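First, one chain by itself: the form predicted alone, in structure tokens.
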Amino acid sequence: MYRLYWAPSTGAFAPDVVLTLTGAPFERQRVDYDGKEHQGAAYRKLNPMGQIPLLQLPDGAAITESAAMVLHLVERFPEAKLAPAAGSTARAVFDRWLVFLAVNVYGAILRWYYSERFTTDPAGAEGVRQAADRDLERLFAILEAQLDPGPFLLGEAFGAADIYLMMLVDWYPPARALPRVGRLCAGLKEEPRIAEVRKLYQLD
């Protein structure tokens, strides 16, 4: 059985939704973020980075990085149809957008929220945040264009990359004002299984 180490307002949300939609048996192991459990020795044995989430596979192996978890799960459970077939052109496009989200958008959001971590000069934090805001405006404009005509990143086919996008929009509310991005996220919130996971993660 899969075990997902999670906490509210973390990147565990996307793999949690993917696991839920696949119907795979899994259990959630909540990590006490406020109590810094993720920085403790026991957790760091599983994830030396001390980050949440962490996904323990049925054979006991542990993987980090939310996008890597999503990629593993869509390949492990192809019948859920959360990604195009491996090796296809459509799959290459899917992979491209998932990595775009994980590397570019996720990274910019971290700079937006935690700007002080990205400079050794305390006076420079505001500049880091402003640059992140600029980058996010540009990145979400690219995503908005990709959703034309939509309604999903891959056109008519819903997939796990759309779940990942919704997670990032939750963290960067200004993106909700974009018509196609906002419409996509609003629609996904209506899916009952996704809505239940959103409640668990204390999302609106």
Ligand SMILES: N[C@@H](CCC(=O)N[C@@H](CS)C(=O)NCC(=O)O)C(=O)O
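Residue positions are given as counts along the sequence shown, with the first one as 1. What you see is a predicted model, and the numbers here were worked out from it, not measured in a lab.
Keep in mind the form predicted in complex with the ligand is missing from the figure; the text below concerns it.
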Among the candidate stretches 173 to 181, 133 to 141, 152 to 160, 34 to 42, which one is within 4.5 Å of the ligand in the model of the complex when only heavy atoms are counted? 34 to 42
Of these, 110, 93, 125, 99, which has a heavy atom no more than 4.5 Å from the ligand in the model of the complex? 110
At the 4.5 Å heavy atom threshold, is residue 22 in contact with the ligand in the model of the complex? no
Evaluate residue 51 for contact with the ligand in the model of the complex, applying a 4.5 angstroms cut-off between non-hydrogen atoms, and reply yes or no. yes
Heavy atom contacts to the ligand in the model of the complex at 4.5 Å, residues of 103 to 120 in sequence order: 106, 110, 117
